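Below, in structure tokens: the form predicted alone, a single chain.
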């Protein structure tokens, strides 16, 4: 359902992207490459551009990382510090036999060593594979075995999970373990081929020669969850840095004096791209919080570090909305000037809530692990249409197409597709060309797997995943449209919607709802919600069945796992659960 109302929050800070229309006409990817000062003559390396270049400039002593631990401890790292420490990691890995192109996976909590290790891996030309610290043994095994990872960097609290599957990992030569307890009967005894991070680092120099790379050399890979098959390893290259740099500058609007917080873990693509490389390519100070979600703690982090720009997920925003206004009133977050969200479509209700509570418009962004950077988004200089994905990034051609690749007119529902050619597009699915080619099966297009429509002004509107669209009594219904309407109800804080087979209608809409505090499940409430949706949407788009639940299954990136809801409802195989939120 297209909402005509627009929101534009005026801010004293002038945005980096001042005129979207002009940028779309004039921008070329080469412009961003020139801004970064890249010269491929002697080779390039993303770590050089993101860290070492700043460490050799007036930013040497500028704080790059404000780190806050779960226990309240804080550390600061300048760009100079990150250069020196990542050099030691790079030297350590070379001493362990890692060479250009080898895969080094990182299985750590959000501690400084996680970020320093990823930088060090890039510096020697190896390929980093960040993993969520919540992964269990099977998820670890699948990724390390498929990638042929040579070295794993992990934490003493996580190593036991690795031990459970190490016998199934013939390519894994060394495990580097941080934060171990040394010495005596109380010390941790390491396995053969395990080494202590701190001991190995102490042997290494703060100086190193960074491996010269080409733009097309890989530097990281992330595994994305499949429905029934194993996770697929999406491979990205050093060329990505051009997209990382300019999208961070224009979409997240990061400027020299900003203190930025991306709440995503690097095990998710947002945490790698916009929680590490993008901000540091722009020379920005950023905050990392190790702990889990807690409304009061999150606001305290923002107050303590003076966060000015915040990038988070709609799920987190809905949880903060559920917590009420009390926690935010306890803290001074007046430094905050700009908010963006990512991971799933942003419900209009959350945008309105953000305006009420923060006095700021929340800007939705759309992209995928495979695209490597933000593709369609809302900009600080452009009115936001609540519920819309926004408009394509300059230099990106997006369209709604049919199965033959024909572009459809405004208002038509169809496949959301992009013209290949932006720098950060994935270069392969690791050892699986067939799955990679599926994305390009319609000639001339990268197909996203999402369905959407575009309005007459070029704003895109998400409908759902192509396999999520519900056909009920001949009508196509996007689950997100129904979910957004459901959370408008006074009793509902979160909603997941699926299509359930029905002999008369083909499918009926079934909703799984999490209630706000103060509301209790009842048949009367179900009927009230159904009537509410009938009047909000239509007689065919309301949920005929409703289940109340404590939570809706989501990925760690905040996406509702509708296929898991459907599998549980219909008694089908649940498929890969490695990215399921705790």
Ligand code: WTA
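Predicted model, so just to flag it, every value in this text is computed and none were measured. Each form is matched to the other, and the largest set of C-alpha atoms that superpose within 1.5 Å is called the rigid core. Residue numbers count along the first chain shown, from 1.
From this point on, the text means the form predicted in complex with this ligand, which you will not see here.
Although the partner isn't part of this model, could you tell me whether residue 468 comes within 4.5 Å of this ligand in the predicted bound form, counting any heavy atom of the residue?
No, residue 468 is distant from the partner.
Using a 4.5 angstroms cut-off on non-hydrogen atoms, would residue 430 count as touching this ligand in the predicted bound form?
Close contact is absent here: in the predicted bound form, residue 430 is far from this ligand, nothing within 4.5 Å, heavy atoms only.
Taking 4.5 angstroms as the cut-off for heavy atoms, does residue 369 touch this ligand in the predicted bound form?
Judged by the heavy-atom cut-off of 4.5 Å, residue 369 is in contact with this ligand in the predicted bound form.
Heavy atoms within 4.5 Å of this ligand in the predicted bound form: does residue 253 have any?
Residue-level check for residue 253: no, no contact with this ligand.
Counting only non-hydrogen atoms, which stretch in 72-80, 147-155, 89-97, 263-271 is within 4.5 Å of this ligand in the predicted bound form?
Looking at the other structure, the answer is 263-271.
Go through 389, 452, 498, 375 and name the one with a heavy atom inside 4.5 Å of this ligand in the predicted bound form.
Contact residue from the list: 389.
Within 4.5 Å, heavy atoms only, which of 344, 217, 481, 194 is in contact with this ligand in the predicted bound form?
It is 344 that has a heavy atom within 4.5 Å of the partner.
With both forms fitted on the core, check whether the Cα of residue 467 differs by 2 Å or more between the shown form and the other one.
Comparing forms between the shown form and the other one, the residue 467 CA shifts at least 2 Å.
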